[in-house]
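Just one chain is shown here, as structure tokens, and it is the form predicted alone.
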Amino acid sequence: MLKQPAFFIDMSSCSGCKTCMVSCMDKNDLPIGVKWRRVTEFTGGEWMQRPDGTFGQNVFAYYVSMSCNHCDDPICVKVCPTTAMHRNEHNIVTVDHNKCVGCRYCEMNCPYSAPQFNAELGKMTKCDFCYDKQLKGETPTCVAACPMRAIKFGEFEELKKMYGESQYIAPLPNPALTKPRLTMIPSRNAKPGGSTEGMQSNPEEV
């Protein structure tokens, strides 16, 4: 097992196919509406008149695949009143269903919307970094399923050396909030965090 498991997302390669999302739902047998990994489409742009009177456009779009980042300073763990949300012995943020009362405080406070309420169980659920597969030396499902190889995983410090620190990219929250274990290569169209130049165009899917 890794000491500090982390995800790497290559936004420049992600095609928005959502194979990672679907494979996660299938592997974990998630009910409708519960998504441990989600793919957000961020779009924007408009028509502009050029000095010669003709028109052009600056339309852009890019995708962000996101799940729990097993943060170094996880808000979900801080706000859980029963200590059900915790970091296990392998540094993976997970939920103890024997303690969870389904209060949804973790869901309300997580800036990544990682904890997901399962109404059938009456409990919170979330990405567990395919803990069961990692124990067997296997790759997390979302990583293995990505046809573009846009998702990778590994030791956080090694990924940072290879790809740099997590960046503040719209529509993601400021990484200073929870110190996510996430590194990425931004899309060439990526806008800085907090940008109002675009909008999430598929809210019903995430």
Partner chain sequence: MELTGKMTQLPDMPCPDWSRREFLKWSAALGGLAALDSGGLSLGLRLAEAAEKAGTADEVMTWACCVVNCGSLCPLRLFTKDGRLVRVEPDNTGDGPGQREIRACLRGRSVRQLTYSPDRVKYPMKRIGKRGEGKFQRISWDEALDTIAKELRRIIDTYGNEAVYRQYGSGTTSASINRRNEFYRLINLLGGYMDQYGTYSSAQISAATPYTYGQRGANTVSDMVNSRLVVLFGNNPIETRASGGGISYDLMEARRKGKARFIIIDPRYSDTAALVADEWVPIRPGTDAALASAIAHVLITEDLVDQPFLDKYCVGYDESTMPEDIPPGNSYKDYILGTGSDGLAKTPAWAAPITGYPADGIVRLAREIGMAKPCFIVQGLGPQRHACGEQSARAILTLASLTGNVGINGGNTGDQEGSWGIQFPKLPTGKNPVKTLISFYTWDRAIADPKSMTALNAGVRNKDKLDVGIKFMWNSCSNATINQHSDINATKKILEDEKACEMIVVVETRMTPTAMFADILLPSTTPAEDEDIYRQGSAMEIGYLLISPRAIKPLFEARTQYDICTDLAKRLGVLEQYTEGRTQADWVRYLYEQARKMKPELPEDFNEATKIGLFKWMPGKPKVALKAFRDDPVANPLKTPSGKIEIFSKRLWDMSKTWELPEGDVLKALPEYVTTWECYEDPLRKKLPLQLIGHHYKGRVHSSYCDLPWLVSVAPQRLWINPVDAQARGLNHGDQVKVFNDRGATLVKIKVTPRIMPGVVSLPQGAWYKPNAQGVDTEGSVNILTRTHLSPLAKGNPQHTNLVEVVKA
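Numbering follows the first chain given and starts at 1. Since this is a predicted model, take the numbers as computed values, not measurements. Whichever C-alpha set is largest while still superposing within 1.5 Å between the two forms counts as the rigid core.
One more form of this protein should be noted, the form predicted in complex with its partner chain, which is absent from this view; the next part is about it.
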Item to complete: May I ask whether Phe60, Glu107 and Ser113 each come within 4.5 Å of its partner chain in the predicted complex, counting any non-hydrogen atom?
Response: yes
Practice prompt. Give a yes or no for Gly16: in the predicted complex, does one of its heavy atoms lie within 4.5 Å of a heavy atom belonging to its partner chain?
Written response: yes
Practice prompt. Report yes if any heavy atom of Gly164 sits within 4.5 Å of a heavy atom of its partner chain in the predicted complex; otherwise report no.
Written response: no
Discussion item. Taking any heavy atom pair closer than or equal to 4.5 Å as contact, tell me whether Ile9 reaches its partner chain in the predicted complex.
Written reply: no
Worksheet item: Looking at the partner-bound form in the predicted complex, is Asp26 within 4.5 Å of its partner chain by any heavy atom?
Response: yes
Fill in: Those residues of 131-150 which, in the predicted complex, come within 4.5 Å of its partner chain by heavy atom
Asp132, Lys133, Lys136, Thr141, Val143, Ala144, Ala145, Cys146, Pro147, Met148, Arg149
Worksheet item: Comparing between the shown form and the other one on the rigid core, is the C-alpha shift at Asp52 2 Å or larger?
Response: yes
